[in-house]
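A single chain, nothing else alongside it, follows as structure tokens in the form predicted on its own.
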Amino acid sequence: MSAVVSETPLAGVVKAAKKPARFSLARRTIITPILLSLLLIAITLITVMTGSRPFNQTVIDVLVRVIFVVGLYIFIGNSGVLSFGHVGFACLGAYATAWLTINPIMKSSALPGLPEWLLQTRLPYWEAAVLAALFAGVAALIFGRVLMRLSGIAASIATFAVLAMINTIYSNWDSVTGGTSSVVGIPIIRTIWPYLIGAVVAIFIAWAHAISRSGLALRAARDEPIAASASGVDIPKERLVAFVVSGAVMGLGGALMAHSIGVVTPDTFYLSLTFTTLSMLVVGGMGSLSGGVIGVVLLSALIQALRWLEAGVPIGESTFAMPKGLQEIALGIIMIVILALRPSGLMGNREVTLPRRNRG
């Protein structure tokens, strides 16, 4: 009897240790996307209560940037491979939603090279945005089948080549994209809620990928590629999964950006947007979803403050204004200071979460 009593606690400990905590990671980390979503919801509610149209458009731009930076994080943050080509998928998404939402009469005159069925198609913006995301995801799958076999600087240069290729094709395919001319007639969505929904959806997609088997394997390959490969991780395959998911999210962001401004050109989705979104991700922290979102919010607020200073701020009877063009210089200096003090970004590899209680 005494032997049985002594073995029972030990057997319980062994069973507890061997029992798989299948959903423990999801339960523990779901706080992060919830808190990030609440942050964006709070910003949106403040915007709605102010009733300012310029401020409303500013916050819409912030939410679109959140989608872009989260899309970059899905691939760059999990794989460790720096990509300069993801804005090209945003370009694909923007033009896809333009083809699907512009009035058929305008499309027939401005874009006569489109197929007849596409010329006659006109969908609601939200359906077009979903299809645009799928279109960009398929394009990412096609490119990724080749690119994801590369690593390091070779992969980064190859992604930049994809960006240049998309920009060149869309800048010269006059009958389908309008070339370098602006494609107009895209329905403009002024209400802020669709952009908030898009940003929240992007955050939860990034979280779901990060805690999935594919996301965990990809981060293992990022940190220890040799050990991960020896353990059976198919690194090109896992990179391809992240590349496709991130491409689809970028396509969604491109579609919503098109609906926020009403016009698209190939140069809208080229170097300027590439470096802006990359800088926000790097400043926030490439290895952190929270860093990506917080980096967008902080740098967007900084950019807007510098714009106000350039436009002029009345102080008493005089007006203080920064010289034109000083915005880029000031922003660059601030970014250098942040990265000099915190090379891994503001958040590093950490995520925002609730403080844990000490259970003694």
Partner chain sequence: MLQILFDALSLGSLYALGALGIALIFGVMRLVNFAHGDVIAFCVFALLWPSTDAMAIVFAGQLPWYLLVPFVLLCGAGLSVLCEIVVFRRFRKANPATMMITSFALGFVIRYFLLMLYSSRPKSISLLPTLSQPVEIFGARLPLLQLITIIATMAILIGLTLFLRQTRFGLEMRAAAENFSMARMLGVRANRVIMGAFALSGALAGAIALIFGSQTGTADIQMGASIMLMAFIATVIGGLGSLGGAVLAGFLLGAASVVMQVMLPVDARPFRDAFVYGAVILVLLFRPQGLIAARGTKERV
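Source: prediction; values computed, not measured. Numbering follows the first chain given and starts at 1.
We do not show the form predicted in complex with the partner chain, though everything after this point is about it.
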item	value
Close approach of residue 270 to the partner chain in the predicted bound form, 4.5 Å, heavy atom	yes
Close approach of residue 134 to the partner chain in the predicted bound form, 4.5 Å, heavy atom	no
Non-hydrogen atom contact residue 130 with the partner chain in the predicted bound form at 4.5 angstroms	no
Interface membership of residue 162, the partner chain in the predicted bound form, 4.5 Å heavy atom rule	yes
Triplet 297, 301 and 305 all within 4.5 Å of the partner chain in the predicted bound form via a heavy atom	no
Contact assignment for the partner chain in the predicted bound form, among 172, 231, 109, 120, heavy atom within 4.5 Å	172
Contact residue in the predicted bound form, from 42, 49, 311, 333 (heavy atom within 4.5 Å of the partner chain)	333
Residue stretch of 207-215, 67-75, 243-251, 149-157 approaching the partner chain in the predicted bound form, non-hydrogen atom distance within 4.5 Å	149-157
Partner contacts in the predicted bound form for 49-74 (non-hydrogen atom within 4.5 angstroms of the partner chain)	none
